[in-house]
Every structure is written in C-alpha cells, then in structure tokens.
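Take a look at this one chain, the form predicted on its own, written out in structure tokens.
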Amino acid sequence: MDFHVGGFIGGTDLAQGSRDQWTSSFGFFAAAVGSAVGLGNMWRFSYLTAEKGGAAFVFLYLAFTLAIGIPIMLAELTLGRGSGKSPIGALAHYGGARWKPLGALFVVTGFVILSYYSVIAGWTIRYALEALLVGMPADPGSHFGLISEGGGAFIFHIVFMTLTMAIVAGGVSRGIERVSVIAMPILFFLVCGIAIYASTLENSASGYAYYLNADFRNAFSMDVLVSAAGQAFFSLSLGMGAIMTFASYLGREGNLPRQAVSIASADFGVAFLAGLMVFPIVFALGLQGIMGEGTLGTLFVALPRAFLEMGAAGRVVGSFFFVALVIGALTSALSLFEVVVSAAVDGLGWSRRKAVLLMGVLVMLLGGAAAFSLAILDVMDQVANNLLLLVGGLALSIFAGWVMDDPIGEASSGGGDPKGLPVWRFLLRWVAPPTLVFVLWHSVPSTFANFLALFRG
C-alpha cells in the first residue's frame, strides 16, 4: 500500500502552497466515515447495546443521533467548508476572535484523545500480530494484564503513532484519502465476512437474542438515556473538530445535509454489524459471563478466548477481527491527528512536516502516561468523553444555532436543499443544548470523583 510518506521524510510539503483538497467526493466520505468508525463502534456500541436493553437502546441511540448527532455534524461540515480553515480559524472566521478559544478546545480535545487512543490502538496491533504469527494466548485474561500497560504497551503506542504520522505527513489527498478509500471498504468486508461466519455457529441465535432483545422496562431510566445520548454523540467524532477539519478541505460544491446523513448512516451500519459479529461468537462458546467485565473485557479477553476455543478456524477469524480493529483505529486516529496538525499549520505557520514531527512527539510523550497506567488511561478517557467533547459540542450548537449569521444559507450553498434546514437550526437551538447539558449534568460528578481518586491513590 502506497502511503506516500514523502512529506514525512523530505518530499513535497503540501503546506507550502495552496490548501490541499479531497480529490473525490468518495475520498472525503471514506475519510469522514473512517473518522467516525473506530474502536468505539466494535468496542463500546455493542457492549452498551447488550447491557442497556438491546433493540430498545438502539432505538434511543438512533433518536439521539437524529436529534443531536446529525445536526451538530452538519454544523461542523458547514463551518469547515465555509471557512476553509481548521477549527480555530473557522470559529474566528464566523464569530470573531472571541470564539477562538472554542476552536482551541477542539484541538486540545483531539490531542488528548489521540494520546491515549493510540495506546489502545497499539494493543490491537499487538493482538493482530500475535494472532497471525502465534495464535491466541492460552490465558487471555492474564495476557491482557501483562501487555496492557508497561514498556510493551508504550512501544506499540509508538509504533501506531509513527504509522499515523507517516500517513498524515502525506497530506489530505495523497495521505489520508489514499489510505481511507482502501481501508474503509476492507473494514466493511471484514466485518460483514466475520458476521456471516458467526451466523453459522451453533447457538449463535442466543447471541442475537441477547443483542436484539427489546427490553423497554429500563429504557427511559437516567442511566440508559445518558448512555444512548452520549454514544450518539461520541460515535460520530463530534465535539473535537475532526469533521470540521476534514470539511475545510472540501470544494464549495456538494450537498452537506446529505453528506451528514450518509456519514451517520454508515457509522451506525458498521456499529450494528459489529454486534452481529461479536455476540454470536461469544454466546456460541458460552463466554457471555465475561461480558460483565466491561468493554475491555469483551474486546481483549472474551473474544480472544472465544477464538482460542474455536481452534484453527478461530485463529483465522481472530486474525481478521484484530486486523479490522487496527484499520478502524487507524482511520479514526488520522482524523484526530489532522485536527492537531492542521491547527499548527494554519495558526502557527508551520510546514506540515514540522507540525507532524513536533506534535506527533508530544502525543507520544503524553500517551506514555496512559501506556504505563490503565488508571491514568481510564481517567483521560472519562475527562475527554464526559467533559471536553460534551462542552465542545454544547458550545458549537450554541454558536451555529444562535451566533453564526445565516447558517442555513451557508449549509445549503453548493447544492443543499434549504427547505428542511430550519428544522436543523431549531434542533441546534432548542434540542441539542439541553440534551448535552443533561448528559453533562449526570457525567461530571462521577468523572470528577474518578479524577480525584487517581491522585489520592
């Protein structure tokens, strides 16, 4: 695969000329879907769906996606394409210098998330290599405990970040786009293929029943509502400026509302398929008890144990599964890192090569803390997801709904139909803000308590 790393090792520097652009609409779509489709789709969505009521949770997730996810995504697309700038410049373009801190928050959020996300992605690289070369570990639980923190985790974190840096250094069209248009179809076919295979396993029906059971008894409890709203927001890579940054490389033509719906639909499709892949395998081998250990337990303990018990077939399926995880992690990391790199190029006047090298090293250093301590990784994840993303999304919905001049005209330029856009602005003004405040209200206490516990411990 040609990643075109010339910009990384001394070739053409795309920052020293006109702003790079996507070469095709599919290239942008693949990259944007890749940003949304990450470990959370095959890691967090399936687990929450099973734990929070099956199809009832999916229904709530879709409702929140329509009410807050797609509207905020369209806001990011509109700001990015209209300004042609990274988040700090985009907010200043439409709201003046006083809104630059919001753009800076997006950049900081992307930086923090990537620093620990790359540690988790490093685990997936290690598991994929081990599955291909030596097979699944004999004791998955002990193995995960050994490799999840320490020097090994740090080395694979560095490996993953180096790969991410090499691709982003190639620029948007010759780096991120080239990888995305190949990686996303491969990811889709891998997930579909494993899901089809899982359907042939004995007792797979029990997995489907557990996954798709429509239990509405607790569907409207506070815990389930907060989880569904949070997942709808998190899974679309909102509140971190990733979609806004990608949209800044778009031409003026194109139907932004349609693109927002298409990206959200593809993201949900992969997440839903992942559940059809994971649960039949786990239940076919009677390992559903490990699901209670949480999302990490499912991904890095339950599934490796299932693949181990499947024998030779499990080694093949397991290899494909972890390769799919690596692809999903990589495409999401590219968008996170591009937010940081683009801000440095636009705001500080750095060359792309300089931005990639310096910011990449800083991400590696901060991620070292997460690589050597799962407790630190967990707190970083909670602070980013439960605070930074939500505050960013809340401020963005207020900005696009109340501050920006004529967002409807901007969103409809280039081919969008303006007829339905007043509904979009209504959702940004009256639905997204109170929903995000609601989620924040119930997320802050536990996040703050865990943050304090880390320092006390």
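Only a predicted model underlies this, so the values are computations on that prediction, with no experimental measurement involved. Take the two forms, superpose them, and find the largest set of C-alpha atoms that agree within 1.5 Å; that set is the rigid core. Numbering starts at 1 and follows the sequence shown.
There is another form of this protein, the form predicted together with a small molecule, and it is not shown here; the text below is about that form.
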Contact label in the predicted bound form: S335 to the small molecule, heavy atom within 4.5 Å: yes
is_contact(L394, the small molecule) in the predicted bound form, heavy atom dist at most 4.5 Å: no
N41 within 4.5 Å of the small molecule in the predicted bound form, heavy atoms: yes
Contact flag, S46 vs the small molecule in the predicted bound form, heavy atom cut 4.5 Å: no
Segment assignment from 91-99, 344-352, 180-188, 237-245: heavy atom within 4.5 Å of the small molecule in the predicted bound form: 237-245
Interface residue in the predicted bound form among F156, Y117, F283, F322, criterion: non-hydrogen atom within 4.5 angstroms of the small molecule: Y117
Per-residue C-alpha change between this form and the one not shown, Y61, threshold 2 Å, rigid core fit: yes
